[in-house]
Structure formats: structure tokens, C-alpha cells
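Presented as C-alpha cells, the chain that follows is alone, the form predicted alone.
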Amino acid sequence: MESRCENCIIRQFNSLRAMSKEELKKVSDTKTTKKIKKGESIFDEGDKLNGVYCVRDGVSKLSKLSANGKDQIVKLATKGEVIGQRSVIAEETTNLSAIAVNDMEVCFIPKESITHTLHKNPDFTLEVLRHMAHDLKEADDVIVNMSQKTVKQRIAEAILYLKNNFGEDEEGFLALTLSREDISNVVGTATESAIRIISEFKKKGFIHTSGKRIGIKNERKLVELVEGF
């Protein structure tokens, strides 16, 4: 049973909330819902997108391949976020890849319903601009972090970010499990360095681990490290 955009609570989190009833109905009539398995790609860097993806469930990592063949994860897109918006509006190929971190459900919304509404509805256009401006700000923060914080600080910050944004499970581990390689790609370091620093954090009693899973033991110490104390 396909859900209708008009009744979808998730649209409150993105620019679709500025659409009128009629516009939403149009989107709903043309969209398709897809299930994406963990590790599968939604789109690849350099793809030409014929629409955008609204995340209904799950998490996607948006990454860029650097010249040395390493992925840099730029953003984790979660429930309610629209991905592919920039390249559809700019009419450019995608500059990032989107891969499912866990099992996902996404709605694919064809380009036409988006561009048509952009021309007709200034409230929607403003919302889209706001979301893009927010993404730009986040990208700026990432650049500053990369250049001004040590790898240890960035890994501590990534662990805190995962807790604050995705929460913890009943056993006290981070609810979203990223591989060591993904963590290294978020902070922009070699996987070996990430592994070494994570075990150092464990030895110091900042975190506890079980396989890939990480849990926070001493949040204050992690925060102090990030703030440079």
C-alpha cells in the first residue's frame, strides 16, 4: 500500500511542507516508493538524476570519492531529508554518492513535480533555498573542523554526534552502527588511525565496544577532548 504525501508526517521535516494540497497530490500521484537494502546505492557520483529522494526510513551516507580513492562522507541523511535536490535544481550531475547505511525506504519524486512547483509557489522555493543554505552551512563547518581539529577530536565529535542524532539502544550502544571505515571516512583519516584511536578511547574508559558497536561510557571526557581541554 503506497502512502500518500498528503498524509505523510515526514514531509513536515522538509521543503514539501510548503506545498499546497493540489501540489502534494500531484507529487503523490507521480512518486514511487523503493526499499533499499543496507550497502546498496541510491545513486552514484556523476549520475544524472531525474528526480529527488525523500527518506522515509533509514539512513544514507552521502560521500565523495577523493583523488586517492578514499571516500569522504559529507553527510548522513535521515528520515525526512530530501536528497538529490541540489543536482536536480542546478541541472547538474550528482557530486556525491548516496549509499544505505541500514535498510531504507525512500520515495522517488520525479523532477517535473519539483521544478513545476518551484516556478509556481514562492513559499516552496523559499523552503528549498533554506534547506540548501543549511546544507552549505554544514559543509562549511565540516571544512573548518577538518582544518582546525585533530583526528582524535574529530572522532570524539563523531561519536557524540551519533549519540545526539540517533540515540542509543537498550544496551547502551549507539543506535546507528557505522563501520570503522565509515567513521574514518566521516572524519577524513585512514581507517587504521580510526581503529587505533577508538581502542585508545576504550582503554581510557571513554567508550565501550562490542564488535562494530560503540557505546559511550564517559561523555564528559569526550566533550572535554572535543573542546580542547
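Bear in mind that the values here come from a model prediction, so they are computed numbers and not experimental data. Throughout, rigid core stands for the largest set of C-alpha atoms superposing within 1.5 Å between the two forms. All residue numbers are counted from 1 along the displayed sequence.
Separately, the form predicted together with the DNA exists; it is not shown, and the next lines address it.
Within 4.5 Å of the DNA in the predicted bound form, a heavy atom is found for none of 48, 64 and 97. Of the listed positions (41, 165, 193, 30), a single one reaches within 4.5 angstroms of the DNA by any non-hydrogen atom in the predicted bound form, namely 193. 212 is the sole member of 217, 221, 212, 17 with a non-hydrogen atom within 4.5 Å of the DNA in the predicted bound form. Although the partner is absent here, residue 150 is a contact residue: one of its heavy atoms lies within 4.5 angstroms of the DNA in the predicted bound form. Put simply, residue 169 is far from the DNA in the predicted bound form: not one heavy atom of it is within 4.5 Å. Contact annotation: residue 180 falls within 4.5 Å of the DNA in the predicted bound form, judged by heavy atom distances. Interface residue remark: residue 185 is not counted as part of the site for the DNA in the predicted bound form, having no heavy atom within 4.5 Å. Of the candidate stretches 49-57, 195-203, 157-165, 22-30, only 195-203 has residues with heavy atoms within 4.5 Å of the DNA in the predicted bound form. Residue 70 is the sole member of 37-70 found to place a heavy atom within 4.5 Å of the DNA in the predicted bound form.
Annotation for residue 32: C-alpha shift under 2 angstroms between the shown form and the other one, rigid core superposed.
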